[in-house]
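Here's a solo chain for you in structure tokens, the form predicted on its own.
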């Protein structure tokens, strides 16, 4: 069953256009949503939740059209979008009392468990918490009302490596029963290589691909060779390339063309970060 289905989502701004964004997420999986700054990740997530009014498109969550069942469905969605910068002078305990009133399935036991796990001091004011602790508190709120779908924008931002790893382990535990799913955006692609099941990659407002992590990475290769080997024909086959004193390296799709050239060039499997970097260089001139 698909917990989330996004079809042909469009949103236009004067200098940016989210164009025909489509992808889906079945229950029981973790999906990483990646792209450079300004690619459209946050706009997409906010449009899914109707926090940004899309120009067109269709959103279905748990088998129901979202806009027609928004209040009902938001009970089953755990959300974290950006830093908590509201009521910063209020104590954590006071904010929690306000938030919990909105959720019919709020669980004080789950909330207390995560507060203890993250060492959250409820007597502190929000402004007294570090960036990392604010992130942990926001996540605690998202995790405490028995949601089935988690939509999180940069949830590991501001966390140290150990805390990030702990959080990602929590995501894995959430989906173990096969009934919940996590969609989260991040710039820390190394986290996704360890924990994500699926990758959705957005570039300049368009979805490049949405597939399993391994299929996504295996659909690209980094090609390396000498400068005399960098022909105009090869340039056309690559997403982008870089020159250095030793030759060149470039990213290309592993399609029929790669079989024709792999005997003449060095080929390597890229990382998620490699793929993003080469797409960011697309269309530029490399010295």
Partner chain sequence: MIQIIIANSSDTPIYQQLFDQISAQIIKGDLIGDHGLPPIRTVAKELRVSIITVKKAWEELEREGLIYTVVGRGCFIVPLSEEELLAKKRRLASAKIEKDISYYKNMGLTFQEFITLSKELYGSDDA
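Quick caveat, the model's predicted, so the values are computed rather than measured. Numbering follows the first chain given and starts at 1.
The protein also exists as the form predicted together with the partner chain; that form is not presented, and the subsequent description refers to it.
Heavy atoms within 4.5 Å of the partner chain in the predicted bound form map, among the stretches 163-171, 69-77, 122-130, 141-149, onto 163-171 alone. Though the partner chain is absent from this view, in the predicted bound form it lies within 4.5 Å of a heavy atom of just one residue from 81, 208, 95, 175, which is 175. Scanning 46, 27, 224, 242 against the partner chain in the predicted bound form with a 4.5 Å heavy atom cut-off leaves one residue, 27. Using a 4.5 Å cutoff between non-hydrogen atoms, residue 204 does not count as a contact of the partner chain in the predicted bound form. Residue 182 falls outside the set of residues with a heavy atom inside 4.5 Å of the partner chain in the predicted bound form. Under a 4.5 angstroms non-hydrogen atom cutoff, the partner chain in the predicted bound form has residue 213 among its neighbouring residues. A residue is said to contact a partner when one of its heavy atoms sits within 4.5 Å of a partner heavy atom; residue 197 meets this definition for the partner chain in the predicted bound form. In the predicted bound form, not one residue of 134-159 has a heavy atom within 4.5 Å of the partner chain.
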